[in-house]
Ligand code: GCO
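Quick heads-up: it's one chain on its own, the form predicted on its own, in structure tokens.
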Amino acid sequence: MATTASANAFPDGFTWGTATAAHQVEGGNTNNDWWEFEHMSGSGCTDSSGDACDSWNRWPDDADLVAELGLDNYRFSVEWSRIEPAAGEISRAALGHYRRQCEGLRERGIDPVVTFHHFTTPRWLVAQGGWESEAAVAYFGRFCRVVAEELGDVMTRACTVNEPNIVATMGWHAGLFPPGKADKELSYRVGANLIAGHRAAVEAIRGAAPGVPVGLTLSMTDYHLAPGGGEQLESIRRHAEDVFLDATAGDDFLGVQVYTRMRIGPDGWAGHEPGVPVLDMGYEFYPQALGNCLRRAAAYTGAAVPLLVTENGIGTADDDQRIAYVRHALQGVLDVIAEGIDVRGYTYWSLLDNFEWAFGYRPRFGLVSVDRTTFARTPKPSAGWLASIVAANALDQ
């Protein structure tokens, strides 16, 4: 990579983006497991995704916002249950929609970064066992091939599975995502199937869209050792991160997604450190986690693949706090680049205030607010601040 011209400048060619996910912004995704879970008594979900941000119809408005911020890429996901509403039944209209979205981004000078699975699975596949079944691997590979054949010439980068570790842990261990189970051993099996799904997706996408970089995006946490927690920390890290990092060998990039740290004691999570602010999502304000996790990803993989920050952000109603968080996180990126770690871009989560899964619409991650009635988009001061960083390709001091 190019060397920095000054301590606060990012390398030449460093990429800047923002992100969304289909179910969180499109609205009307009624044919997947999350829609069913949202409407299930006892699921713990505070809202239905409903119309979300109406981005299925208003994606040109969102693309305009990305362009106005001066960002060079936009990461979004395709909704499997729209493209394949029944097993083997492909909606050419849905594929055409996503193709037009990619083309619209490119017309605005924005690189389309396409995520093939972002937390949602079609109901028809869930009825066959979902990710508990090895059959899901072949189904997902087939789906990826179909999508890559359609979008291969208009997408710039492909992300296979978004945070497979979170899908497995939250759905089959913590019970906070669909299917709402609490079975640690089953969560490991699901994780293994998601890893196999990632490998099948890499093969399918490379076969259908040669030359398009493809990789995994992984949720990473800055684990801190509390007294007596060494054995627990090692186990958590192994099952929550390392097995997934192992699966990235041979990929074109690794997407690192970081929000906070966790203190681990002999019984697992050791609680918040007194005096550290706690955010709407229930975790600590700890922006230095990003730099620490980038270091760990590089060290664990032996720097075998380039790193991209494919998600980092903060859910808060205090936009000054958002700016402070991102400033500190970006300083961490600069620090690790100065240490020689190959980090090639930063993506803020999220472009819009959107549906934050079981938390509903309360957490505000967006650079842009969305009126829940009119869907009007209003950029926040943090959007202008980030645009100035992007324009300078350097962090303000």
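The first residue of the shown sequence is 1; numbering continues from there. From a predicted model like this one, the values you see are computed outputs, not experimental measurements.
FYI, the form predicted together with this ligand isn't displayed, but the following is about it.
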Does Gln257 make contact with this ligand in the model of the complex, using a 4.5 Å heavy atom cut-off?
-> yes
Do Ser81 and this ligand come within 4.5 Å of each other in the model of the complex, heavy atoms counted?
-> no
If you check in the model of the complex, is Tyr300 within 4.5 Å of this ligand, heavy atoms only?
-> no
Wondering, does Arg157 line up within 4.5 Å of this ligand in the model of the complex on heavy atoms?
-> no
Out of the stretches listed (195-203, 112-120, 148-156, 98-106), which one is close to this ligand in the model of the complex, meaning heavy atoms within 4.5 Å?
-> 112-120
Should the three residues Asp222, Glu284 and Val326 be counted as contacting this ligand in the model of the complex, with contact defined as a heavy atom within 4.5 Å for each?
-> no
This ligand: the contacting residue among Thr248, Asn162, Thr169, Ser77 in the model of the complex [heavy atom, 4.5 Å] | Asn162
Select from the listed residues Asp61, Asp342, Glu356, Asp54 the one whose heavy atoms reach within 4.5 Å of this ligand in the model of the complex.
-> Glu356
Considering only 334-350, what residues come within 4.5 Å of this ligand in the model of the complex, judged by heavy atoms?
-> Trp349
